[in-house]
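In the block that follows, a single chain appears as structure tokens, in the form predicted on its own.
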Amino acid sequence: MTNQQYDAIIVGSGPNGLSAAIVLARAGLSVLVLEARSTFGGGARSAELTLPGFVHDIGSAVHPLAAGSPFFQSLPLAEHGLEFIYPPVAAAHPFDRDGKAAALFGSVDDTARTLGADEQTYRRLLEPVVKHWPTLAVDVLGPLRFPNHPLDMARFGLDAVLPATFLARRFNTTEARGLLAGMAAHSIQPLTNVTTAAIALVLMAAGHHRGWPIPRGGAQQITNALVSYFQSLGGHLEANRPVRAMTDLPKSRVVVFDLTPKQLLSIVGDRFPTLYRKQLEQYRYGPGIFKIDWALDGPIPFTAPACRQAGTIHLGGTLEEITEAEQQTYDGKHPEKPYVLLAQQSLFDPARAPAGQQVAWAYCHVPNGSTVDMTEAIERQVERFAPGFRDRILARATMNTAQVESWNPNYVGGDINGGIIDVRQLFTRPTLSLTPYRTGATGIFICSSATPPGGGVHGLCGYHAARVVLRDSFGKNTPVELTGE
């Protein structure tokens, strides 16, 4: 262990930990990032999981919030090797009837024109959000505060606060209702919950504004670019450095944890005020995931043409089917026809697989801590919309919730959002506080997805936490303010 003293130590090298480290390093501080695993990146890592030459994204795969992150846009990540690939269709949502699919294209116009009777309704809903998204994103993707653009935020909030099932009543077609449901199901909670419409609107707006891109070479390339830029600022990193107690750390003025409440309590719980500790103990994790990676001998034979051009596919059928599946999962059951989120990265990034072959990535939602094998249920759903899919499988790798958590301890019980993002924890993550990145213990902060704005590869939890660190502990302002302009 090094005896060097640092201004700040970041525990955990996920996108939020690296983002916090970058902000602090840009402010001229000496910063060390410690990672328990041998590879940096948290949920943004890639590896050969099935067969040699097949590069799979172990965690995140498609990154609408990374491309649209106001913080990432302020960084020279392209100069450090990050290149995004934009599939012709951001996301597709197939149906049984006539082999049709709804699709999210790069523009509101292109998407609306495919929705028939709901064309104008879709325009009225999305055009204002997309028009103001560059500035709106700064308010939406941050902690609870008075917004920089209050009128735009108020207009967005009137729709965003609704349950997705309620917002869907504005649509008449199966296609528009299903498209909305597939987007809202990213929230990993019942679609009847208030604020689930917000998740759908954010993802659709991000898709219309910046697309749903795939990093060339895999999600690991996002991490590699962040690491490279951090090192260019003079930052230090150490892998294979688990932290189980504060005594495992070198000396520093502050420590910032890219960890969720469960791990934070185990490391520094005895230093927290009683009220803060009790709030962390009551923090709630949501449903988990069961994940599959496939090595395939060719493209997935989707019936709907839009699915063969999409980076992301939402499999679940109608709004009613998806609503039922997500409710069952929340109630502790395992749906026979789960909502499945699938990505087919190598269609657009041939380097991910040997010539003529493909990789594919998918997961479904399951109860937190479930060890039920959902392989058959997931593959049935793929086969439902892509007959002959199973014949293309060369190999598969699966992870249940326990394995997901073992790979990334922030995913407690398989919860990839770092805690359920329902109305009770949307802005009160991880505790009820206007400054949720403070812990109540001097010099100790939290910057994980258990803080606003929550899960996703966007770095904004780390950015906002670092701003608080600079102000509280060093009397400095953030070198670059995010405006979204």
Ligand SMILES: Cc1cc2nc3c(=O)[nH]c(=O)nc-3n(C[C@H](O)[C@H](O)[C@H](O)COP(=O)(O)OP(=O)(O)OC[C@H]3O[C@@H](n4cnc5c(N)ncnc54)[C@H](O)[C@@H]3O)c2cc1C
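Keep in mind the model is a prediction, meaning the values are calculated, not measured. Quick note: we count residues from 1 along the sequence shown, nothing fancier.
Absent from the display: the form predicted in complex with this ligand. The rest refers to it.
The stretch that touches this ligand in the predicted complex, counting heavy atoms within 4.5 Å, is 235-243, out of 235-243, 300-308, 77-85, 193-201. Heavy atoms of no residue among D118, F171 and P338 are located within 4.5 Å of this ligand in the predicted complex. Distance criterion of 4.5 Å from any heavy atom to this ligand in the predicted complex singles out K291 from the list R177, H208, R352, K291.
With the partner omitted here, the residue from L29, I416, L32, I420 that has a non-hydrogen atom within 4.5 angstroms of this ligand in the predicted complex is I416.
Using a 4.5 Å cutoff between non-hydrogen atoms, S60 counts as a contact of this ligand in the predicted complex. Shown alone here, R438 lies farther than 4.5 Å from this ligand in the predicted complex, counting heavy atoms only.
Residue contact with this ligand in the predicted complex: W361 places a heavy atom within 4.5 Å of it. Among residues of the shown chain, I267 is one whose heavy atoms approach this ligand to within 4.5 Å in the predicted complex. Taking a 4.5 Å heavy atom cutoff to this ligand in the predicted complex, the contacting residues in 424-452 are S448, S449.
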